[in-house]
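Given next are two forms of a protein chain, the same chain in both, each as structure tokens and marked structure 1 or structure 2.
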Structure 1
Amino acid sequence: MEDLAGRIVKKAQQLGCQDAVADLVVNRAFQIRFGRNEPVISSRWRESSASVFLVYDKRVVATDLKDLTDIDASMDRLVKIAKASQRNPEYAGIAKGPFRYGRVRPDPKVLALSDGSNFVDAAVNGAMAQGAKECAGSFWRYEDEHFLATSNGVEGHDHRAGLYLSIRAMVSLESSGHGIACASRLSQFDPEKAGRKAGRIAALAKNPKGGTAGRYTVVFDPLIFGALTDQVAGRASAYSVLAGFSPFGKKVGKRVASPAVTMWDDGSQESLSRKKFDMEGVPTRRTAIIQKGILKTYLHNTSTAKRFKTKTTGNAGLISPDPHAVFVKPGDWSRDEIFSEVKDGLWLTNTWYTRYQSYVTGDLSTIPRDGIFRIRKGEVVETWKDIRLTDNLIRLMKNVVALGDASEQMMWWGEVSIPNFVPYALIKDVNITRSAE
């Protein structure tokens, strides 16, 4: 299996390809989904596939091969298709290797796990102890092994593994809370804490009343702040900018957030998506996206970097550059200090369904879910429901007043697509709307 990536690349070169990348992935993940406090299904995967990128005379073709029994035939077919395709004049090559990579290995205790039932029980029990009546969610043990080879001299091996648990606790349909546990090391994995948090928010969110539209100072829990920073990082991909899916066009060097905001992408750091290299084999590293509120760079692969007259940031995906993991520099406010700062405002704990009216302006709306709380003089005085956050991505980031002094790793279905290390955030003048009667 180890030399298959090299064989694919060699075959592509024999067929006349100028550039070729093969990422052979062996996936050994397992999952337990649970609902109404008990498992609903357990799943396990035994899959091997090869993500292949090849370029024939500036004709770019990508694939994910699942049949690895006849690589030669698959490559013949791909190159034939490439020849019938069209040139992409904007294509500018892949990174030149070889590169040296650090010695990072997954936690053997994570690899040794064969069941996650205890983690599910711990999370559910944690939530129930706080007053929840019904819990749902999923536990994952991720494990995949990558063997990368490119036509520019790259050879890399990376074994990645991690643990993840997402739990939603409910007291009733409209009184719920959400908790997340993420870790690459077993010793750092705390599903019970995630359950307790979900249960605590659910219990606090009892008997909500319909919210009132207006502009509010809002405390963003890490999970919902992560949904915003995930948007920022995704929209900072050079591909998003070029395709019209970003409000950050022509904004490098300009203010796009408050001076309190510094965030970077870093695939090399410990996270659920820690990786040694990107799809071109470029070693992952820290790349500042926003420094004290100023947009520093887009995220690039070799081709988009050339287009923007800069260097790759090591964010190549199979076709377009993507963020790996987002880190927000914590501020110096304790959680209590952030809440105390709110004389009359809201505390939002989660959101979903973020959609844009215009990507180039950043006008969007998103729907807070789980606990929504009215705060006066730092204290929760009411629970709300049925509101929508209708605002603008850049305006929200510019209105960040304070950041908490500790970051947590957040990743969640749909809204936080990659690990985002985020603290509590205080944002002023947030526009809240609600359904008309």
Structure 2
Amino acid sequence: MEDLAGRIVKKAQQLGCQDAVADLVVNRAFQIRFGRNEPVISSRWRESSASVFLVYDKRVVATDLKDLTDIDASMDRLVKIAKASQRNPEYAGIAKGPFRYGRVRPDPKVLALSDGSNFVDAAVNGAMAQGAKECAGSFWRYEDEHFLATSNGVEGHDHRAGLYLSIRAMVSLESSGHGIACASRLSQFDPEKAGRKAGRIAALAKNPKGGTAGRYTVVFDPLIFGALTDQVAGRASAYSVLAGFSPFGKKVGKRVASPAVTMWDDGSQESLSRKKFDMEGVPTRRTAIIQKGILKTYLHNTSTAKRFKTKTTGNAGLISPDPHAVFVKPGDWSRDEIFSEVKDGLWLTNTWYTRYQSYVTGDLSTIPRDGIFRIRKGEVVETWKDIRLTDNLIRLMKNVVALGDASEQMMWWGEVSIPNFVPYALIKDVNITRSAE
């Protein structure tokens, strides 16, 4: 496979390309989907594909090749597409290698796993013990090997693996909860805890009534706070800024969050998306995004870094710079202290369908789901439904009052697209509207 990555790059150069990147991926994942409290489908993958990036006279093409049987013919087609494409005057190259990488290997206990049904049982039993009537979700064991080659002298190999479980627990059609477990080490994987949380929220969310619009002090569970920090990291990509998809334009060095908020990106740190290098082969590292509320940098690849007259942050994706994994520095509030601080407010546990009214200003809305609770003096007094959070990303981050003293790794569907290590958060003056408005 390592030779195949090099062959793709060499072929691109023979066809006249100035830059080329090939990332050969061997995927050995398996999945168990479960419904009505028991496994229903088990799937296994053993497949190889190649992510290819090439540049012909500043004409850029990027794609994934699923059929690797005739690389020469595939590259001929891609270069023809490049020749027919428009030039990208902003393109400024890829990183120059070679680079040295640390000796990081996946947990052998994760690699040795051949079944995950015991994890499904643990999660379902945990939810049922809390009062859930029915559970559904999925368990994944991820494993892939990457063989990277570039036209600028990079050769890299990375073996990645991790465990993930998502469980939805229900007591009735309107009473549900969601729990997440993810880890790259077997010893840190706790599906039963995820099940207990999903079941506890579902049992607490009985008989919801329509919520009331207004401004509230809100406790954000890690899953929904992770949806916000995921937005912050994604909008911090230099590509998002240049494309007009970010409220952070011209805000480096300026306040974009509460002084309580410090967050960084780090693909090298242990997480479900730990990786040695980005798509240009640059070693991953810790990059401060927000420090005590101040935006420190955008996330860059080589091309965007040259445009902003800075250095790459090691966040190159195939097309644009992207965050790898987001870490929020915990605060010094216990969970109980955060809830006790709320005299009259809400506790939100999950969300979906986060959409922007304006990317440039950061005006957005998102629809809370699962347990939505009215709390007074730290205690749940009502369960709500049918509300929408309608606010502004920067305003929300500036209104963070307190952060919990422990972070959890969250990742889920499209709302938390990459691992986000986040604590409970208390945010004041959050605008809540009715979901139909």
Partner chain sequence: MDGERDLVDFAVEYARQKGASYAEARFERQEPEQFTLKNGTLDALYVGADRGIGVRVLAHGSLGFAATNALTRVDVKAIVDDAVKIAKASRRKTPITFAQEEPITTDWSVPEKTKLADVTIEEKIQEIQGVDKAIMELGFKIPVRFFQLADNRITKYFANSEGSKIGSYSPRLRVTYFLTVVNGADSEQTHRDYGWSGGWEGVREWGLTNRVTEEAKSMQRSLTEGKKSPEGKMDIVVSPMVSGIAAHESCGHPTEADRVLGREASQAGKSFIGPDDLGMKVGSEVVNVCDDPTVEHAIAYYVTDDEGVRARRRYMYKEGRVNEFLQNRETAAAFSTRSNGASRAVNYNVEAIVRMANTFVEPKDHSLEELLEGVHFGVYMKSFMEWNIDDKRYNAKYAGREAYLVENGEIKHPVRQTIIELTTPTFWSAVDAVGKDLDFEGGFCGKSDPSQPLDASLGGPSMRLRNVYLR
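The shown structure was predicted, so the numbers you read here are calculated from the model rather than taken from an experiment. Counting starts at 1 with the first residue of structure 1 and goes up one by one along its sequence. Think of the rigid core as the biggest set of C-alphas that the two forms share within 1.5 Å after superposition.
Structure 1 is taken from the form predicted in complex with its partner chain, while structure 2 is not. Once the cores line up, the CA of L15 ends up 2 angstroms or more apart between the two structures.
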